[in-house]
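Heads up, the chain below is alone and in the form predicted alone; it's given as structure tokens.
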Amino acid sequence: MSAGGHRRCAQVLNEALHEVFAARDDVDLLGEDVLDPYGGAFKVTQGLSDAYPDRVLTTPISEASLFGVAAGMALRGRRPILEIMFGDFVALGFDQIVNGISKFREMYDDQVTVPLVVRTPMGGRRGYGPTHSQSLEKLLLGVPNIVVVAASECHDLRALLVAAVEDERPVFLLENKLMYGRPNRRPEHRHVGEFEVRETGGPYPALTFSATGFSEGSATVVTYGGMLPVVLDAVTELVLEHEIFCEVVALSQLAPPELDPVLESVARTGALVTAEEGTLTGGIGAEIAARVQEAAWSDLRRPVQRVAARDGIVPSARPLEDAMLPSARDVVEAVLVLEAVRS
């Protein structure tokens, strides 16, 4: 057990996979190095190949082929879970994703479905360098007919995985690398630490955090995935050092966009900051900002601030990687800019 009695996120995901395999005989797992005793690069698939040898397929290094095989299995009535070892390699399957997986259901007049799940780790902060550290979820955001879900250490990881397997649509379940070794900090008595938490319904819920019982707030910070602990550190610093209180909305469903909790929070605070680990230009924060502006322009009383990685490749050297990727200090400074505009 982890500190505080919480299981590590990798353990929760592994247990959820075992639960899904036990409950359904139409689920298969495909991926590189997923066989025991290795059990995947981040050990999330450990034990599955020993327990279900006919339903766990270790594969060559050929991501484009893996997406095609998984799509074919889904079209034939299976529910494949495809593990892409690093999220960077999703790019190798883009033709299959954009011109096949996302289109089959409409092309064949709703007579087929493609209920596959793609699990993959995204993000940096581990010194893995330019091709193993990217956050490429924004590239998936513009593909119609797929679901993009970002897990965080405070979401119900078991429920997210089960919902993804049961979904009739193709689902990309993004798992931040640092999250794997951290406790799954689910709200207890509607709190995570000093923050009160509200959770939306639906299969892929959003979490909204407030240190004031949702009674006041200077800004809404919208984030997801591995940026959530960074943002929570930032808003804690804002309270302790500046007596500025913010609400934090942690999305899980990135596409199709689910912005009701964002709009509800912005209606209370009147200001918006977006925080993502991917690069700034064309990022998810830009899409959120545009949609909030369209839907609730009268609630925004100050300019939207965006926090993201600097445009460029992720360096291998840890000090340079830290300088490129967004930090809690970046979030603090974005909120302070809004405070300066207000004053």
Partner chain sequence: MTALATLYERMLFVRRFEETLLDLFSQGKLVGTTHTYIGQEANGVGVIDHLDPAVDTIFSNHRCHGHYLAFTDDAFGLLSEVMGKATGTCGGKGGSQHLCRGNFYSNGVLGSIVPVATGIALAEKKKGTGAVSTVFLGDGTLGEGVTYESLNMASLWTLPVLFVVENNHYAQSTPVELELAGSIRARAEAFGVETDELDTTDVEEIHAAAGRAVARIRETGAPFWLVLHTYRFSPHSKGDDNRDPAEIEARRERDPLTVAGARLEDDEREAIAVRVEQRLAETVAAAEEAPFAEPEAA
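Since we're looking at a predicted model, the values are computed, not measured. Positions refer to the first chain, counted from 1.
Same protein, other form: the form predicted together with its partner chain, not shown, and the subject of what follows.
Just one listed stretch, out of 98 to 106, 208 to 216, 148 to 156, 250 to 258, contacts its partner chain in the model of the complex at the 4.5 Å heavy atom level, and that stretch is 98 to 106. Its partner chain is not drawn, but in the model of the complex it has no heavy atom within 4.5 Å of D299. In the model of the complex, no heavy atom of G202 sits within 4.5 Å of its partner chain. Contact between R306 and its partner chain in the model of the complex is not found at the 4.5 Å heavy atom cutoff. Looking at V112, you'd find a heavy atom of it within 4.5 angstroms of its partner chain in the model of the complex. When its partner chain is considered in the model of the complex, only one residue from L280, I313, A64, A51 comes within 4.5 Å through any heavy atom, namely A64.
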